[in-house]
Ligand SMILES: N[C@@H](CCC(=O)N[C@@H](CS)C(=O)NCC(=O)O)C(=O)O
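One chain comes next, on its own, written out as structure tokens in the form predicted on its own.
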Amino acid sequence: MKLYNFAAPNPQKVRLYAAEKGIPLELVEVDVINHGLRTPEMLAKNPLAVVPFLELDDGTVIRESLVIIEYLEELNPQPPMLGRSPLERARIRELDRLAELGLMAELAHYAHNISPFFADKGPQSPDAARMAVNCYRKNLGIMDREIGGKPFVAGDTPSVADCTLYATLGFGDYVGLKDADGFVNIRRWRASFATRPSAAA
């Protein structure tokens, strides 16, 4: 299986998950900055022109990071990283969505409104950037309380929520928002997760 990859949070999320599970993936680096996703060959594989996407040995393509993870989990159910019971699965998904929609998406909104790279993609707004930062900080507080004293985001074992949050905080560092350092539980969790071999994925 080939994972089409770029240095961005969603591909990293999948790489972290695969490393935690011990699933070998061949990485195919895509030059997104220079429109590598928009070549005819790449658009034939993935007309959405986004990464990551997974190409199976028969050429089948699976898009979207969470869908890729769910597919890999079906093939490799142990150790479970999407939950073992209905309640645990709901809890993991809830926290994963908080990390993705409440944190990663707000960071993306911020970056789209302040980065010169996106200046030709549409209007940019300082007010929209400030709103995204405010939402990001509010949701960091919620995530910090949800983690509490647990060793992992959703409990005693790593889950997809850990992968999403770790990749998200790295993205926050990249765009210059290191606000997460001010939250005691997130800071403790992040320092601990950074020592895991998967964190280098």
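All values derive from a computational prediction rather than experimental measurement. Position 1 is the first residue in the sequence shown; the rest follow in order.
There is another form of this protein, the form predicted together with this ligand, and it is not shown here; the text below is about that form.
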query: Answer range among 137 to 145, 172 to 180, 51 to 59, 154 to 162 for contact with this ligand, defined in the model of the complex as heavy atoms within 4.5 Å; finding: 51 to 59
query: is_contact(Arg38, this ligand) in the model of the complex, heavy atom dist at most 4.5 Å; finding: yes
query: Contact label in the model of the complex: Met42 to this ligand, heavy atom within 4.5 Å; finding: no
query: Contact label in the model of the complex: Phe118 to this ligand, heavy atom within 4.5 Å; finding: yes
query: In the model of the complex, Ser65 touching this ligand (heavy atom, 4.5 Å); finding: yes
query: All of Ala8, Pro11 and Val32 within 4.5 Å of this ligand in the model of the complex, heavy atom check; finding: yes
